[in-house]
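Here's a solo chain for you in structure tokens, the form predicted alone.
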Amino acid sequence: MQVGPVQIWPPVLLAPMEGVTDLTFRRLVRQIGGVGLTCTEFLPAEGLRQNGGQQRGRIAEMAAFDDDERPISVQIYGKRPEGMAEAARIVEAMGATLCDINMGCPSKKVCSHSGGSALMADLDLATEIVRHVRRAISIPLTVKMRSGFDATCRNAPELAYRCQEEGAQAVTVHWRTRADLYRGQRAVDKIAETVARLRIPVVGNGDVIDVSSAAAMFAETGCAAVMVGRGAMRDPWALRKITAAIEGQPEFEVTAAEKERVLLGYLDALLRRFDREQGALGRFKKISSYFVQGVPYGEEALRTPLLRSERIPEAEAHVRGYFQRLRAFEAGDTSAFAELLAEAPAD
């Protein structure tokens, strides 16, 4: 996928997710491989402006990226065109490869201030923001949106066209509306309509969690790339699996040993990042809650003990114990979890 002068390959992108796609998590996904573009958590334009571009505090932590993390997109949100333009200039000065405008976040916190997907109910303001940001920066500009504000206002093709005409060089469209939040009945027609109407690349987003769902998004919409969001939390190898399928490589199988290595490596990275043990443990519990979905006895034998853990050594012991049993289970020992499950305390 070509975004202005920037070539993105593979066409598998990691979605920006608040409280998830910080530097530590993005390093995890990059280490596994198969990702063509990473993106920061979305940053408030006013917060960037108040910092004056200085790298300090929570905003600086959210905006941080590695020198070798290329291409990297920094996403901003807000409702004031001039403020968004100033924030975009700061993003460019930080060394970001791309600047992305968030018109897709459905959270009340963002929408209540007329940012995120609230902009889909005001196309004139959304267009003005893109115009101001485009004039402010020289790096490629992209926009992420939903299919519309609600079922009566599924206007992504129109908004995306306006963004293109104002100089955006790629758009990402999530099939859900703002009103859908994280539910809704899958309908990718507005992504396909956007692809048909635009000259610039369109990225398909929404419930792309594995090879089959990625293949369906490509086939049903004609999109140039797919974006993986919550699926990457549940399965950090999802992007690598999708990329392997695109490149015609053999199916990538994740062993118990590989899962243990990555999960413990992520815990170690969190310990280096957080000043307080409880901060690292809290983030680890959050991600591991998704991570254990789909693994044998993951809920009973791993997630529940991890959530009850009060210290890092305790959590680490639960991880090692679980994967020791999982390796035995994968080797054919169907009773590998019997003792653990029998000893699990009742809620």
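A residue's number is simply how far along the shown sequence it sits, counting from 1. Computed from a predicted model, the values in this text were never measured in an experiment.
What comes next is about the form predicted in complex with a small molecule, which does not appear here.
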TODO: Let me know the one among G184, P201, G83, G229 whose heavy atoms come within 4.5 Å of the small molecule in the model of the complex, would you?
DONE: G229
Open item on the list: Using a 4.5 Å heavy atom cut-off, which residue among E46, E69, E41, E316 comes into contact with the small molecule in the model of the complex?
Closed with: E41
Open item on the list: Does any part of G206 reach within 4.5 Å of the small molecule in the model of the complex? Heavy atoms only, please.
Closed with: yes
Open item on the list: I'd like to check something about N102: if you look in the model of the complex, is any of its heavy atoms closer than or equal to 4.5 Å to a heavy atom of the small molecule?
Closed with: yes
Open item on the list: At 4.5 Å between heavy atoms, is E330 in contact with the small molecule in the model of the complex?
Closed with: no
- [ ] Verify the contact flag for R176: yes if a non-hydrogen atom of it lies within 4.5 Å of a non-hydrogen atom of the small molecule in the model of the complex, no if not.
- [x] yes
TODO: Please determine, with the chain shown alone, which of 207-215, 257-265, 271-279, 86-94 has non-hydrogen atoms within 4.5 Å of the small molecule in the model of the complex.
DONE: 207-215
